[in-house]
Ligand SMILES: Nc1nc2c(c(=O)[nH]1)N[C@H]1C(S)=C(S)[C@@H](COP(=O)(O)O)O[C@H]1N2
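Okay, here we've got a single chain as structure tokens, the form predicted alone, with questions on binding and movement later.
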């Protein structure tokens, strides 16, 4: 009996209330978020950085791997890894967040990777600025976009595809956009895109194409699946929706005290408790973080660390809390220089994207 791709590919759907599916559990087992206590690190250790793999991790022979740069260029170029490493290099510290971070908190729940709030991490990426490669190829300045093709291949909603995304040419030419071959001073790990990946500071993780094998300069906006079907904020199945691009502001608290094993409920002792966390945004610099210890009824300013020369990375904040016996709900809220602030609740969308609603951390303060 013949089988079609549409028959084996799960459609985009919204949970009717049946709970987490076995497919979602399988996704959650192969992908992972950052343990929130690891927010204490300025740079996330490699194994703690969040990870999302759309299809399979491709097995790539670095000696045989090549990157092709073509399309609307003066000349098509092909690079091996050693040749790329001979070009000017740069290191940029970048906070990267999955566009679906917070999806599992929505009701009804969009069915996909069931992120809570842990799909984030900050790394130091080293590579060649993309603009160097585009300049060497003679990219047409009148081009519309640059398309990036990864070596990972799979099926979504019946569409067989390589993972592909595009950037407007102006975005691709930003100084800090990298073709990265190192993460935290080490060669890329297989799961993080070895031997080469795109890094686009300020954009959600879907833009940072891994296992990069081809760059194509094009005259018209790219309409591939990951651009025009996936990663769109839509409320109805048939509407075009708005594209997911830059990271909305978010602040996360390091869970204070110590946890219950199963529920992860937090326990602290009475007295002064130093709360800490990280705040970030890809839309404008974070200018203020406020903390609530009563479930969002009242807010007080936290102490935000001074800028440290890494504009695309998260900033630490602290707050001194006088903990008293009883149950409390802690929250943090980031506000950017352009006045963009986190909402208390989240406007629902079918993909569960750009969900930056305020985090709430229940805490029990016990006297003994």
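Positions refer to the first chain, counted from 1. Just so we're clear, the structure is a prediction, and the values are computed from it rather than from any experiment.
There is also a form predicted together with this ligand; it is not shown, and the following applies to it.
Per the 4.5 Å heavy atom criterion, this ligand in the predicted complex is contacted by stretch 144 to 152, the sole one of 256 to 264, 144 to 152, 128 to 136, 87 to 95. Checking 313, 52, 36, 323 against this ligand in the predicted complex, a heavy atom within 4.5 Å turns up for just one residue: 52.
209 is the sole member of 209, 177, 279, 215 with a non-hydrogen atom within 4.5 Å of this ligand in the predicted complex.
Of the heavy atoms in residue 205, some are within 4.5 Å of this ligand in the predicted complex.
Interface membership of residue 197, defined by any non-hydrogen atom within 4.5 Å of this ligand in the predicted complex, is confirmed.
With a 4.5 Å cutoff on heavy atoms, residue 231 counts as touching this ligand in the predicted complex. Contact between residue 292 and this ligand in the predicted complex is not found at the 4.5 Å heavy atom cutoff.
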